[in-house]
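One chain comes next, on its own, written out as structure tokens in the form predicted on its own.
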């Protein structure tokens, strides 16, 4: 099966995807424990396989020890470089792209991949990656993983958007703008729902300045958004991690 997609830059760092890995364990734990074959695909793991290795370790510890992670890359050189890190049958590396190498995973993580594509190709990639019933977590982050955003996509349709930050280094929620998923980043302009969301988040952050530290400020910010009538999902346990999850912002 010929891989579908293009070779991306492949930059990565250890612990870069820790925030989204922990979210996957939380959001997808029931899906993985409720299946006989808990397969997760790490699509486009990059020049080194470290984030796939970490994903397998985190899910094994937090969800179930027999979870299988398959890292897919289009570049055969990257696949060959990753093979020494494989631990069959629970951690493998293969050549593949949006077609998922013919596999039928429960969950797909695709991070810092679609950001390097044109926006008009995103919907088709979403449909292909979820075509066998997988839940897709697709997003982007900065080089150290301190600022990240991601979408949860089912059957090709995004359902939620999550903004996640390491709170001690969060200067202002406006930094999320440059790390939005590809499907949203060009729509952060007045009149669009994602712009309204980030503007409201910034205003709430400015209003809730406090001497008690960034975590308390973030909690107060999220509570203010909810009090203003915005749909805010999950609860304080996730908010304390620096997360904000909302329904996917769509144009009315």
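These figures come from a predicted structure and were not determined experimentally. Numbering follows the first chain given and starts at 1.
Heads up, the form predicted in complex with a small molecule isn't pictured, but that's what we're talking about next.
Proximity to the small molecule in the model of the complex, taken as a non-hydrogen atom within 4.5 angstroms, holds for one residue of 75, 154, 92, 119, which is 75. Across the options 130-138, 174-182, 159-167, 107-115, residues that bring heavy atoms within 4.5 Å of the small molecule in the model of the complex belong to 107-115.
Shown alone here, residue 46 lies within 4.5 Å of the small molecule in the model of the complex, counting heavy atoms only.
Heavy atoms of residue 126 never reach within 4.5 Å of the small molecule in the model of the complex, leaving it off the interface.
The small molecule in the model of the complex is approached by residue 6, whose closest heavy atom lies within 4.5 angstroms of it.
Heavy atoms of residue 19 never reach within 4.5 Å of the small molecule in the model of the complex, leaving it off the interface.
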